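Single chain ahead, by itself, as structure tokens, in the form predicted alone.
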Amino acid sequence: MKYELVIKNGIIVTASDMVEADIGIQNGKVQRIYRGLIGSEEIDAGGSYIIPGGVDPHVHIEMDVGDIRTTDDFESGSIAAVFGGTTTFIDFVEPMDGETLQDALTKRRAQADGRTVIDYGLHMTIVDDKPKTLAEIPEIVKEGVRSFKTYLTYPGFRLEDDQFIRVLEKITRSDGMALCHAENHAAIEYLRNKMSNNGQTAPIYHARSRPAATEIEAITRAIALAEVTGAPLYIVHVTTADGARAIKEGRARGIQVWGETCPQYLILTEKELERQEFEGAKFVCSPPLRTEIDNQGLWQALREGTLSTIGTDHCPFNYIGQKEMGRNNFTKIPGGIPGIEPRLALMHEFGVRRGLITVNQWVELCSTNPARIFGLYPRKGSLLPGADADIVIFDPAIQTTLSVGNLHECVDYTPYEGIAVTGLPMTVLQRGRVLIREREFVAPKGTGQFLRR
């Protein structure tokens, strides 16, 4: 049989296997994996890795925070993602005060449809337990949005424990999953006010006002409340070794709990916030960067399977004009850093090449597990016959130095400036269409699809 497209001469790497073979693609789907396949069009992988397209479960595109908005829109953010080897991301719907969940979902889809280059899904944010809000959850699940973001901190977003329990219960009864941003609100507010009153206003005090204990307590509490309600729970952006340990202990008790971490929490530390001349503001995100000991603990948690995914929490604000709003007060610095593009390269460099995770775990954490957990597998995150032909040809030997000048994120800095990596996505396909060919964007824009999960 002659296939529409064949990718030849590569090393196919999945979450479980590594084999030299060709991939035959027909009608946008993986049709066959075998040697010696023939295609009407052929792409020579030249001995590079052939992996399923990355799935980023945590991004913030066109997100409004007060009077400012994250700098990547759905076009620029998705282009940056695909340059980095990500072919699917999951963003958020954040209803405005008084807005129904359905209206917010409709509005959010209108922002993305026809503008995103890659396929996308959505999480729904729940900020209250009003009867009308809870009543809408089953209908949102029917719309293909099966995951619901909750917060234990942030004014206007946080849920008290009794509210959190009611929301967990409703999500579970609706066959959904809860996501949780877990930090102790009262402790953070106490420390923020204390430091501000003492004139401790530099960026480093952002980290010191949100110490490890505030995350560890909140993760432990969220897991306990999930245990009480029987709710499946996904903890976003875990930053501490002890937070990961709480997830491990919860799993040992039979609780359905998953944990996510991000490249910044594996590579960077809170020392970045001590940079001179306000440069530390570039690294302000919540939860904050931690210590080298936490970095090591998180790598161990990934290696042993305690943490299941690596997202980015891509939340880009410009240093000039946005981060600068907090020059005289760390509480005014918009929290969030960019990172949607370099995820695969960073995790290959710092994880695979340094022996902290295997190449199969790299694929599992960045692609397969996010697809499985969020209801996209095996369509996404796999190279099984019948899967979407979302494929990355990743050259594990090519070298580059990351810089704002060679990344495609629409933001005026990168927290990974000057970091050398070996390994880059060279060619990227979605549903059998070449989007990136030898590091050049060659596809029409706006062809991404909404994924009902």
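In this text, all values refer to a predicted model and were calculated from it rather than measured experimentally. Residue numbers run from 1 along the displayed sequence.
Just so you know, the form predicted in complex with ligand URP exists too; it's not on screen, but the next bit is about it.
In the model of the complex, His181 approaches ligand URP with a heavy atom inside 4.5 Å. In the model of the complex, none of the heavy atoms of Ala202 sits within 4.5 Å of a heavy atom of ligand URP. Ligand URP is not shown here, and in the model of the complex it never comes within 4.5 Å of any heavy atom of Ser174.
At the 4.5 Å threshold, heavy atoms of Ile126 stay clear of ligand URP in the model of the complex, well away from it.
Residues with any non-hydrogen atom within 4.5 angstroms of ligand URP in the model of the complex fall in just one of 102-110, 73-81, 281-289, 357-365: 281-289. A heavy atom within 4.5 Å of ligand URP in the model of the complex is found for exactly one of Arg372, Lys170, His237, Arg146: His237. This chain is drawn without ligand URP; in the model of the complex, the residue among Gly336, Gly311, Gly326, Gly121 with a heavy atom within 4.5 Å of it is Gly336.
For the partner-free chain shown, Lys149, Tyr151, Tyr154 of 140-160 come within 4.5 angstroms of ligand URP in the model of the complex, judged by any non-hydrogen atom.
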